[in-house]
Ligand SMILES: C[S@@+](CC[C@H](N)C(=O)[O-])C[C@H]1O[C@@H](n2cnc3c(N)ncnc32)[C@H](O)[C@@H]1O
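Okay, so here's just one chain, in structure tokens, the form predicted on its own.
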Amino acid sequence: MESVYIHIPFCKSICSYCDFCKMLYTSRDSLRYLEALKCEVEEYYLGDCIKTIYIGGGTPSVLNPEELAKLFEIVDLFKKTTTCEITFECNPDDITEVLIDILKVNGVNRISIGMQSFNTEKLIFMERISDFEDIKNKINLINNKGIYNINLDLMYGIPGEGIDILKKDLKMLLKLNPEHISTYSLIVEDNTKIKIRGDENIDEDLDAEMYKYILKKLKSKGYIHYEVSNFAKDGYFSKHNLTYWNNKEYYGFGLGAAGYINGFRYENTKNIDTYCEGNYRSSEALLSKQETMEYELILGFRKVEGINLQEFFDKYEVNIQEAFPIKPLLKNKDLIYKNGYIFISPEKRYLMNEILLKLI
């Protein structure tokens, strides 16, 4: 294992669309949680040399300096390469000089900011706060402290949003000139505020139009589209997320975290009391060869370059076309073969789930 995900479930407020494992922040819960997190790492970490660490949530930036010190004591338990990519998720309003100094001294070299939008109506819908000038100043602060790898999140497909609103959001985002951009079409998930109040996903044709506009606009500005929802300047692909998409094994620590170790995929409990009592796992399963190959497709086809046929054969000792009904999808151009790779047709990437259902 070369990658570690650490989940911090605490937030100042709960966004209307969020279905991640999260809860409102209290200092009492955060301190006992960090103690349990340290115990989990000490129990399950096998001493591997780690190349990427991703600290997500929730909202890791909600932690105060004392709690951050405890968090980075946990991070220090891992052996790390000298070039280890350490990503830390931040809400814009949490970013201060004190926070960035703490992150910098503890080796954080990549920051992901949950911007989501600059449109007032969208922000009200999502129950978020975001301001262009504020984020611009925060990015300047981060750069001035010596961190130059920044991701910005953009959410689109909000009910009532038209293509013109998306265009304005993208225009303002590009003025911030981030190294990496993650874009997400809103999906109304169970157990979210928007689901409870009856909101629905936008029309599929409009969603496809928005996605295609994003591809065209970001490509014109020099961003490389390397995964279905992710774009980066050359040299700034997310090394950590590529661990997932390449179906490599990784540690997942913390409440609700998932991991993949020695052929086992597992999920942690989402109950903080259960977790703090030391009962971390809620499920664990050893994958069969067939299940592992299915994950290879589900994750590998998220990459724009797709799946390398020789690497698949070397890994599983089977031709991918013998394991899955690839040929009909090549014939109808759902899939494309080129230079030893099979990938989803660029015109059909927004239909990825439907294409995967034909395969698995």
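In case it trips you up, residue 1 is the first one in the sequence shown, and so on. All figures in this text were calculated on a predicted structure; none of them were measured in a lab.
If you look for the form predicted in complex with this ligand, you will not find it shown, but the lines that follow are about it.
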| query | finding |
| --- | --- |
| K138: touches this ligand in the predicted bound form, heavy atom cutoff 4.5 angstroms | no |
| Partner contact for T52 in the predicted bound form: this ligand, 4.5 angstroms, heavy atom | no |
| Proximity of R128 to this ligand in the predicted bound form, heavy atoms at 4.5 Å | yes |
| Interface membership of G300, this ligand in the predicted bound form, 4.5 Å heavy atom rule | no |
| Contact residue in the predicted bound form, from S185, T269, N247, N149 (heavy atom within 4.5 Å of this ligand) | S185 |
| In the predicted bound form, the residue from D76, D273, E97, E189 that sits within 4.5 Å of this ligand by heavy atoms | E189 |
| Per-stretch contact check against this ligand in the predicted bound form, the hit in 214-222, 167-175, 254-262, 153-161 (non-hydrogen atom, 4.5 angstroms) | 153-161 |
| In the predicted bound form, residues of 111-150 near this ligand [heavy atom within 4.5 Å] | G114, Q116, R128 |
